[in-house]
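The form predicted alone is given below as one chain in structure tokens.
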Amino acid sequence: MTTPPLDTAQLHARLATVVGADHVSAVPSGACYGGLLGAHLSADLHPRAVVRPASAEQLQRLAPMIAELGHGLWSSGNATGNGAQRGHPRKAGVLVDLGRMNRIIDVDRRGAFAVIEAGVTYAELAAHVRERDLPLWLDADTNGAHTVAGSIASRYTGLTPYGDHQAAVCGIEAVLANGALLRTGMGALPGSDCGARYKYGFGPALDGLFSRAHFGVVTRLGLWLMPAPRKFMPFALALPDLASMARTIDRLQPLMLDGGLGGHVLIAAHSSDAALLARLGNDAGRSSGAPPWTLYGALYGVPEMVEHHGQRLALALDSAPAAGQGAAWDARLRQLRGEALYNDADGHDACALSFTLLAPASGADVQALHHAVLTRLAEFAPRLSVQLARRYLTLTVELPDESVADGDAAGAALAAIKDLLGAGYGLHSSSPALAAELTARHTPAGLRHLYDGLHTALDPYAMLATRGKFTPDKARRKR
């Protein structure tokens, strides 16, 4: 990598011409931005500055400036690092922190949607809804300090009927690498009131371009919210072993397909519940008498339908759905209501090594996933949780911090993922420490060709920078 042309003071001074000197700094000591700046990142690629714009207009000026100064643009919703994305893989970076862009532009009570900037956190949006006594529910990340836009970009999913966060997005505003402003769907029409009501415009649907991708920086989005259900029936079920979990999944999936279970179902290993409680400062979940797995779910809707589906659920489970007990239940109950569980504004809550696998919603498949993961990772004491949706399930694997200190953990995680991808399962997401290598290893040639074409179309600097021929004059001619 070539030495950046500006020293640090000069770089900061140039960036300050856009946002002011108070909003440009070195990366704070100890900041990890959700694992983005972990030990896996070489020192010469560590961002040389953090810049905090207050508006999309400022970011439009910053994006081409950062490229012309020979740096890659990194971005994060705020210091928690959720949804963070790395810049050019061979250039020092400038990290754009969007935390100042936290305006709640609109919350429409009748239409049940919000329009927010990229720095708005779940805690801020929840407070806004609560203070106005709006009959609306969010589906939040576990960390209320996470930004809504960042969690959507990270493909976080929740447990309510609005748990597929990407599906709840309606209309995105993003700044591209050359400073151009892109609005998707009906939001592209000047004066349209349908930007957060209808996803599609005249051309292709583009919102998915900004999910775990590097094609631009999202600055604003529309988000559909859940009308508060008239009846809410949460339940829990202890599962004594993997076989009973597999049987339960097979019994529940038909109810999910026909809408009887409108939300997602969480099946957490005891170690996963215990880790969550420890994060909340409660060790009650560490008792040896807890079941190996616990299922958490809820029915939502009008009373008559909830009662009807409750009866169907009782037949599927061989017992009436009942509330759980204890500290773990109290925490999961809040998740079933779409509430955040804690606020960690420093971004240290992210697991250093984690990944989520995707499989068909069947008991046989969850057993196969479980076996393959433990074959490679049993010595690292992984924490496991399963989330069941209508047509698929996900298995999330988190390695505790003490295991990650072992240098073999990342290699074992990559080997487990390779085994599972070879068996036909999918990779839903992964932590930053694994993401770059997984992308390089497992992106098929056709998809890589598409990515390269999109980068060329959306980022006028991409091919010039990759070939080591970048100059501002050439970039301007490319535009």
Partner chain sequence: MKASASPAQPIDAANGKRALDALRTALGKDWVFAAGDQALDAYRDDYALAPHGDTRPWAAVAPGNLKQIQKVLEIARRYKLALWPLSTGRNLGYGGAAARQAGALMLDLKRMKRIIEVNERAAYAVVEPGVSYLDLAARLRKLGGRLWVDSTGSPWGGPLGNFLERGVGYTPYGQHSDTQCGLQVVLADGTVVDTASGIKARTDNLYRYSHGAWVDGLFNQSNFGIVTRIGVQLMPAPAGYRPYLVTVDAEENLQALLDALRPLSLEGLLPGRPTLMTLPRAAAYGATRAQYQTGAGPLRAQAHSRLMAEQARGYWNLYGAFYGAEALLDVHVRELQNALRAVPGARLHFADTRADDAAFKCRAALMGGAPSMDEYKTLDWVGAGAHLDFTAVLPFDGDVAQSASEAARELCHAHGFDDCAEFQLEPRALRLEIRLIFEREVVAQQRAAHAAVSALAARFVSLGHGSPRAHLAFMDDTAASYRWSDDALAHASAAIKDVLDAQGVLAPGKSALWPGRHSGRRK
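None of the values given here were measured: they were computed from a predicted structure. Numbering follows the first chain given and starts at 1.
The same protein also exists as the form predicted together with its partner chain; that form is not shown, yet it is the one meant from here on.
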Within 4.5 Å of its partner chain in the predicted complex - does that hold for a heavy atom of every one of Ala79, Leu377 and Phe380? no
Looking at Leu134, Ala290, Val107, Ala188, which is the one with a non-hydrogen atom within 4.5 Å of its partner chain in the predicted complex? Ala188
Tell me, out of Leu242, Ala127, Leu257, Ala323, which residue has a non-hydrogen atom within 4.5 angstroms of its partner chain in the predicted complex. Leu257
Which of 272-280, 290-298, 224-232, 326-334 sits within 4.5 Å of its partner chain in the predicted complex, heavy atom basis: 224-232
Would you check, heavy atoms only and a 4.5 Å threshold, whether Ala416 touches its partner chain in the predicted complex? no
So in the predicted complex, is its partner chain close enough to Ser429 to count as touching (4.5 Å, heavy atoms)? yes
Using 4.5 Å between non-hydrogen atoms, is Tyr162 touching its partner chain in the predicted complex? yes
At 4.5 Å between heavy atoms, is Ser354 in contact with its partner chain in the predicted complex? no
If you apply a 4.5 angstroms heavy atom cut-off, which residues in 169-186 are near its partner chain in the predicted complex? Glu173, Leu176, Asn178, Ala180, Leu181, Leu182, Arg183, Gly185, Met186
